[in-house]
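Consider the single chain below, provided in structure tokens and representing the form predicted on its own.
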Amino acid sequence: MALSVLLEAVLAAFEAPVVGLEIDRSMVTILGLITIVILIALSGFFSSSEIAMFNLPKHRIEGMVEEGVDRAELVETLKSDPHRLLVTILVGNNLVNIAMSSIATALLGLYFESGLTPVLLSTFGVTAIVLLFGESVPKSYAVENTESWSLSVSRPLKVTEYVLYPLIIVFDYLTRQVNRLIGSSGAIESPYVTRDEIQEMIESGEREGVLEEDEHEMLQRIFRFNNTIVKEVMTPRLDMTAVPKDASIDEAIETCIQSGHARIPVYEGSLDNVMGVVHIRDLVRDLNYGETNDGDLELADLIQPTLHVPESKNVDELLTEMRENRMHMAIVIDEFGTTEGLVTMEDMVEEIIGEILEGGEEQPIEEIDERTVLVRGEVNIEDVNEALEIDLPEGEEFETIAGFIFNRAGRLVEEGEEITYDGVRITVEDVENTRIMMARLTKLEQEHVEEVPDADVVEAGEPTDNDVEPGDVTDSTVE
């Protein structure tokens, strides 16, 4: 009402001739509408600026600065103090919106005698206009054109900061004090995307077809790499090829050739006392081209030192350590100092790029059909779950499919025995001595799942009763 009275007074003053020019009610209305249109445009400018500036990631700004993009340095300067930038945008936006509402109320007051009608029309009318043209449309544009729009608005925002500097300083200070009182850090944005956000982007990229399936798998392996321990990737003790310290050079060369390994550990007494490793290159070179006389060269002279690491060590830490020490092999020990196996640089690289097969080496997981795979006994359960899209559990006592079978059975198993767990039938295909070499996993149809209880063990295809409850895991382990 007060604004209406004020505007009427201004209009009455303008009704008198001023230098031959007479301004009437319609002229004031036109000027007011033009002003409102300008204010709507400014509201859209501030709203879109907020989205563009705060959606632009820091690493992209740094990239544009390095590329010499025009106004990129100005954007970087504004983003260097995100709190000040946000206050600048909010002060400008609120001033514009309040002015727009006030002018609209005053204009409507010229045509309506009731004091409540202009206020209601202004409130709902201006709100609708601001939501559409000052918020929704500008912000949608800014989301689609974040980079280019942030560059375009950087200079006007800097001018706004200078023009509204006193207000910005006051509200910036007051906002920080309120944040301090309520215990808020006042952080406006994080410098980079989080690890979880990157993984979500990888998943979205694979779903949208931006990333190929093998690219998606490799990126996922990279994120799992630092959570992988040495025990999960090592070659177990039973599969280690090594030579005693007192072996001859010829015997060591023959062992390397038969095993297909360029490096082999050398032990004294037993595998629990590994002295180091020898390389076939050194064996052949020093035997045939060395300066020592025949019979003088001993295997101990060619031993290179190696690392001894606990089985619980993270592979990313071990990889860094091996690179720094220029070693390609490490011996894995348990808590008692007993040799558990060995791990090579290739074992860790395979955790990222996938299995590297040589010669006639078989695939660790061979797909038979959509529901059936053949799996080597030493394959990690996590890889089996990914291949069949199932959810076999991992326990502290076991990490491989062979360990899972032994744990469920609670004893040694023979070829042909079957275990059913959570809709998956596991058939032991190949056993050498006491080791499970190969197993067949089949996802059962729903009707079969209902007929066969979980965790049943069937010997050589003949159904027998047992006391294993569904979902229970026994405490037995197989070393």
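Residue indices: 1-based, along the sequence shown. These figures come from a predicted structure and were not determined experimentally.
The same protein also has a form predicted in complex with a small molecule, omitted here; what follows describes it.
- The closest non-hydrogen atom of residue 276 lies beyond 4.5 Å of the small molecule in the model of the complex.
- The small molecule in the model of the complex is approached by residue 260, whose closest heavy atom lies within 4.5 angstroms of it.
- Though the partner is left out of this view, residue 104 does not reach within 4.5 Å of the small molecule in the model of the complex, counting heavy atoms only.
- The small molecule is not drawn, but in the model of the complex it has a heavy atom within 4.5 Å of residue 329.
- In the model of the complex, no residue of the candidate spot (389, 401 and 442) has a heavy atom lying within 4.5 Å of the small molecule.
- The single contact residue among 235, 306, 97, 146, judged by any heavy atom lying within 4.5 Å of the small molecule in the model of the complex, is 235.
- For the candidate set 241, 123, 372, 320, a heavy atom within 4.5 Å of the small molecule in the model of the complex is found for exactly one residue, namely 241.
- Only one listed stretch (336 to 344, 127 to 135, 174 to 182, 216 to 224) carries heavy atoms within 4.5 Å of the small molecule in the model of the complex, and that stretch is 336 to 344.
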